[in-house]
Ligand code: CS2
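The chain below stands alone, shown as structure tokens; this is the form predicted alone.
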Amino acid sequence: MPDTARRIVHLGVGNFHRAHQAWYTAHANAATGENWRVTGVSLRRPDVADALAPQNFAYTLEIEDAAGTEYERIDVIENIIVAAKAPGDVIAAIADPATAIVSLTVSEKGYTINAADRRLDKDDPGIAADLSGFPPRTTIGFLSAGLAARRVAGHKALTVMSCDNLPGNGKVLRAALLEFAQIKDPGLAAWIDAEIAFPCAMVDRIVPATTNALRARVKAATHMDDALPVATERFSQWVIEDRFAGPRPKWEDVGAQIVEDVEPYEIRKLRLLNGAHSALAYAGLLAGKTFVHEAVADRRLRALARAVMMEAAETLPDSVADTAEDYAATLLRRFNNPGLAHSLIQIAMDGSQKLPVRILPALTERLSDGHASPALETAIAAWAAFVIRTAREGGTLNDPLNAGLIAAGTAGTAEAANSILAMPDIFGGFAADHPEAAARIAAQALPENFSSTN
């Protein structure tokens, strides 16, 4: 391999990144002889860095399906910076001339955008602080500061690539960063507009949280004490828009697809896979299930998941519409994988950010076309019921809008559901535009309607 490595700085170095982009990069290095390395960034918590540092940031990936289980050692991450402890190191890594790509898996809430209009949330406390002070606190703030340092140093432009489940993720990220930079430094905004590439990307691989059972399996199979191994399925997909400002790994040599237009793949995945996942998560948790494979093994929950997919399939772009049946069948097989033990509560987090991109677009399209959509309405009702149950029990949601949702959920049941559906940051004008559908959803949104299955 060449002595000088090219670098990817990755924000959000969690399990998904380590099972997906890092895995593709390690395989591309092996296939091509290139030497791409990853500098990971944990924006807040030190857990991943602390666990992996004694292992020189290498880890074991368990790949499991009906055909069997394999173990791979992934050694492509060279360091993990904890941004809350060393913000200057993050900025320096983005500005480093060896860095050609900054990639992100920070979840939907990490973009600090309004769910309804997908524009920068300037009222977010972190964004407000980053606009007025230093060091940065948010993803957008770190990107702005890193690119500003790169511009001042006179280094080459780079590619900033979102790998999160947002429709048009590259476009959304670009717009949010430009809006932030325009306020902070109009000269930086003009430079970003001219020099930085923001390809859209669609990612797909089921990756549950690490458990002690996984650690034990890894030790039994490899005789290694791995503090933070990752489990995943054999299936993997990565579709990337061919829009780069400079060099990149040859990911297409190991299975990624480099295409002119990501949108059809993205819509199919968001509305079928992610939409069905969310429906299973909320309805499954209300029915007392813990894992995806348990939920999809239940006759009624499996039927709900498939119906969500089939209703959403009628809204797909023509280029992928004829793949929907096979795609849905493949998804149900993937969901029915007990070896992954994919937790429903993991999928259930950040519902206020996920439903507006996973469920609501297909539902509003169908309603506008005059099509009944009982499964999509039930999926939203299940989420509202999950919010109401959490509020009744005095709990909290793992959601950036927790306070408002819990306040709405503590009202009387019918009033609670109506209050949730009227929240503009989540649903925009949905309740006013589709009052009959909103009434049907509210009538279903009782926790007891989902408490048992057959």
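All residue numbers refer to positions in the sequence shown, first residue = 1. This one's a predicted model, so the numbers in the text were calculated from it and none came from an experiment.
Below, we refer to the form predicted together with the named molecule, which is not included among the displayed structures.
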Is D96 one of the residues lying within 4.5 Å of the named molecule in the predicted bound form, judged by heavy atom distances?
-> no
Heavy atom of A307 within 4.5 Å of the named molecule in the predicted bound form = no
Exercise: E241 in contact with the named molecule in the predicted bound form, heavy atom 4.5 Å | no
Proximity of A256 to the named molecule in the predicted bound form, heavy atoms at 4.5 Å | no
Only one of E179, E263, D204, D226 comes within 4.5 Å of the named molecule in the predicted bound form by heavy atoms, so just point that one out.
-> D204
Looking at V357, I77, L104, L273, which is the one with a non-hydrogen atom within 4.5 Å of the named molecule in the predicted bound form?
-> L273
Region of this chain that lies against the named molecule in the predicted bound form, out of 364 to 372, 145 to 153, 344 to 352, 215 to 223 [heavy atom, 4.5 Å] = 344 to 352
In the predicted bound form, do N165, K269 and H277 all reach within 4.5 Å of the named molecule through at least one heavy atom apiece?
-> yes
